[in-house]
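Below you will find one chain, with nothing else, as structure tokens; this is the form predicted on its own, and questions on how it binds or moves follow later.
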């Protein structure tokens, strides 16, 4: 069975689940506080940021620090649980399938879910910003080019974090421990991202890039500048190592 065929099979399983519906609800919940407290977007004297930029960035700060990682932890757990129902993973491993390819196919589906979650957040942002524009008679809608560029960078920098979540789900048979460790790993992000060695901790990457963008948009706010070296080599190396170990250990516990 080819890699692309495996991805199609995994995608069909996801469509039958409620993962995407849960993430859509989470994206809606993300922007509700921004709508209810929309007046705060216009209080920008301390930071010197434009109200429309403030409305977008404040929402994505909450999204990047906890909601997105938490949503991805839930998605990772559900992907693994789908296989464990009715001993589905044993049936898959009984087929002439390379376990490493199956692990990569499931990770590819996790990336797809992450991209959809980010897309949901962007779509709901435009709904919320459109409502704010009508209510306040002030144009809060940002250019799609700007918003989708931020979203694309956000997705790319989240891949090392997602590879770590996937590795934990493969190596730990108890999903509650895997999910718990994944969530706990996100909490120190706000501290580590302010250090000189933030690039060695991938769980802070999404929050870091949004905060850096905030510093670029706010005239009176300074944030740690993005240094692509050694960040990119470290990020790529971390993701490759996590995926390599995931492929190595995938299905071994089920075969025992």
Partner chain sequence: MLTMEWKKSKRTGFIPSFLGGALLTGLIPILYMAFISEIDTNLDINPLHVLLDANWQMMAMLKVSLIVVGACLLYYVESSDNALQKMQSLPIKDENLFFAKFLLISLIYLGVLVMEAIGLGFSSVFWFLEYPDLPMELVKNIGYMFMLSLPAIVLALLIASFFTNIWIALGLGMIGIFLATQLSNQNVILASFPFNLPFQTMHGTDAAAPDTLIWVALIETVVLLVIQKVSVSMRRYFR
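Residue numbers count along the first chain shown, from 1. Computed from a predicted structure; not experimentally measured.
The discussion below concerns the form predicted together with the partner chain, not included here.
Asks: Just to confirm, residue 133 within 4.5 Å of the partner chain in the model of the complex by heavy atoms?
Replies: No, residue 133 is distant from the partner.
Asks: Quick check on residue 12: any heavy atom within 4.5 Å of the partner chain in the model of the complex?
Replies: Heavy-atom contact with the partner chain at 4.5 Å: absent for residue 12.
Asks: Even though the partner isn't displayed, in the model of the complex is residue 66 close enough to the partner chain, meaning a heavy atom within 4.5 Å?
Replies: Within the cut-off, so yes.
Asks: With a cut-off of 4.5 Å between heavy atoms, is residue 97 one of the residues that contacts the partner chain in the model of the complex?
Replies: Residue 97 lies outside the contact set for the partner chain.
Asks: Just one of 183-191, 49-57, 205-213, 227-235 has heavy atoms within 4.5 Å of the partner chain in the model of the complex; which?
Replies: Correct option: 183-191.
Asks: Could you work out which of 78, 168, 147, 102 is the residue within 4.5 angstroms of the partner chain in the model of the complex, going by heavy atoms?
Replies: Selected option: 78.
Asks: Sort through 122, 142, 74, 128 and report the residue having a heavy atom within 4.5 Å of the partner chain in the model of the complex.
Replies: Comparing distances to the partner chain in the model of the complex, the residue within 4.5 Å is 74.
Asks: Need the contact residues for 110-130: heavy atom within 4.5 Å of the partner chain in the model of the complex, sequence order, or none if there are none.
Replies: Not one residue comes within 4.5 Å of the partner.
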